[in-house]
Each structure stands twice: as C-alpha cells, then as structure tokens.
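Just one chain is shown here, as structure tokens, and it is the form predicted alone.
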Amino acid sequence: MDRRSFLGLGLAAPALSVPGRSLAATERPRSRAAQAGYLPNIPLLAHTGERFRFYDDLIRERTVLFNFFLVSCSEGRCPLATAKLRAVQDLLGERMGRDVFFYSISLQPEVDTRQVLKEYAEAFDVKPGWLFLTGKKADIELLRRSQGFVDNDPERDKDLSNHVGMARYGNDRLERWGAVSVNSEAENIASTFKWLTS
C-alpha cells in the first residue's frame, strides 16, 4: 500500500458494528492503518520521562497530529514549526490533552535525550497534550519511513537537514488521515481538526 492508499483509508465505509454492543477501546480491533504497518507500535520515551508504545498508547482511538523535527535544526525551520504548533495549541485551548494530542518525534534520538527534549519543550512553554518523543534510531526510522517522509534519492534522504516540513494528522477511530504543512498559518492547521471529530 502506498501513501495515496494510506491517505484514502478514511474514505472507505466505516466497519460494521454489532447492534446493541459498544466495543471498549481495548476491545476494538487495530485500525486498518495500524494493521497495514503505517502506525508501528514502537517504544518511545517522552520529555516528561514517561514511556509509551506509539500506536497503543498515543494514537489508538485518538485525534492526533505528529511531526518529525531536530532540536539542533541548522536551517531554523524546526523552531519556526514548533512555534507555529505552539500557537495552534493555544487556538485549540481546552481540547488539547483531552481530545486532541500533539507528538513531535526527534530525528536524532542519539542526541535528543529526554533532558534535551524537556528543555526544548520548556523553551517553547509547551502545555499538556503535547509530547516530545525520542527512542531507538531504528524505530524512529521505521516510523518516518512508514509515513512516507522519505526522499527517493538515498544521499538526500541521509541528510537530516532535508527533513520534511509536514505533519500527519488524523483520527484513528474514524480512520481519517491527512497531512499539513507546519509552515501553514496556525489557524489553517487548527482548522484541520474540525472534520476529525465525531
């Protein structure tokens, strides 16, 4: 399945449910995107010190936005994107951490330790509902590739300064997914969450 198929998953008819029976989140099957490998259940460490599984703990049954970034971004794009997402966090207000969650995942996990991520989050006055995450390099690479954030040229792909300025957003339960530029206006990014609620 390619990226176009992944983004189109939300266009299919919803799965049938058994009349009179509501499945709890833990009983629901994994979403089609997770089953297809687009949302690998890799272990991650948050800037808060908490440990999570990407799909089971952070994505499953949630409305989310996640992006990849570098703390030491030489081009300056990551700090601008983080500031933009911080403005989006303000626009979403009380929804953050309740029904919308943000995750920023380091592309340099060997450098961006929990403490480095904690200081970075504090520098941007990040509020609850947004986690900065690190993990094993191979796991982060698996996640990045599963999202299609890859350059076809292997040499360009190795250069982390070429990372994509996009974020994936979606609602796992509704199986609706899309992508948005983190260079968009904060209001534009915040508006993407209007069609993700049920």
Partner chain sequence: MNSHEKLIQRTMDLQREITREGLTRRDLLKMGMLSLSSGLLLPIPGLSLRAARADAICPEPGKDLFSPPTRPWTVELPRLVEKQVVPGNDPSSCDVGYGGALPGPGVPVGTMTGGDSKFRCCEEFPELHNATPYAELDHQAWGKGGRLGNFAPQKFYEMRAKQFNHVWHPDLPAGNSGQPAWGFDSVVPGPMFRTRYGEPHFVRIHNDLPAQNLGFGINQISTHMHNLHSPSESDGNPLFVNYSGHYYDYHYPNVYAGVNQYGGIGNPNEALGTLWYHDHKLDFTSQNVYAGLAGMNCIYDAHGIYADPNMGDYGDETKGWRLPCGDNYEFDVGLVFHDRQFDPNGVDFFPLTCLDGAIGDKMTVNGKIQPFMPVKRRKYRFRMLNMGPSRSYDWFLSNGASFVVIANDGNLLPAPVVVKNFKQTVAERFDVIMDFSLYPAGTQIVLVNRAEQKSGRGPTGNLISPGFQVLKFVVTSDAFGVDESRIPAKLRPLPDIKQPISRSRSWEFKRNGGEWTVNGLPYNRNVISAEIPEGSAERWTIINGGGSWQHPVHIHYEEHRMLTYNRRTLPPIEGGRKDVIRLDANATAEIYMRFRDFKGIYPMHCHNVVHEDHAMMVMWKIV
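Residue numbers count along the first chain shown, from 1. A quick note: this is a predicted structure, and the numbers were derived from the prediction, not measured.
Keep in mind that the form predicted together with the partner chain is missing from the display, and what follows is about it.
*Asks:* Counting non-hydrogen atoms within 4.5 angstroms of the partner chain in the predicted complex, say which of 55, 38, 130, 69 makes the cut.
*Replies:* Contact check passes for 38.
*Asks:* Check residue 168 for me: does it contact the partner chain in the predicted complex (non-hydrogen atoms, 4.5 angstroms)?
*Replies:* Yes.
*Asks:* In the predicted complex, does residue 139 have a heavy atom within 4.5 Å of the partner chain?
*Replies:* Contact with the partner chain, no.
*Asks:* Hey, in the predicted complex, does residue 62 get a heavy atom within 4.5 angstroms of the partner chain?
*Replies:* No, residue 62 sits far enough from the partner chain in the predicted complex that none of its heavy atoms falls within 4.5 Å.
*Asks:* Spell out, yes or no, whether the shortest heavy atom distance between residue 120 and the partner chain in the predicted complex is within 4.5 Å.
*Replies:* Answer yes; at least one heavy atom of residue 120 falls within 4.5 Å of the partner chain in the predicted complex.
*Asks:* Taking only heavy atoms into account, state which residues of 131-159 are within 4.5 Å of the partner chain in the predicted complex, ordered by sequence.
*Replies:* 137, 141, 144, 145, 146, 147, 148, 149, 150, 151, 152, 154, 155, 156, 157, 158, 159, in sequence order.
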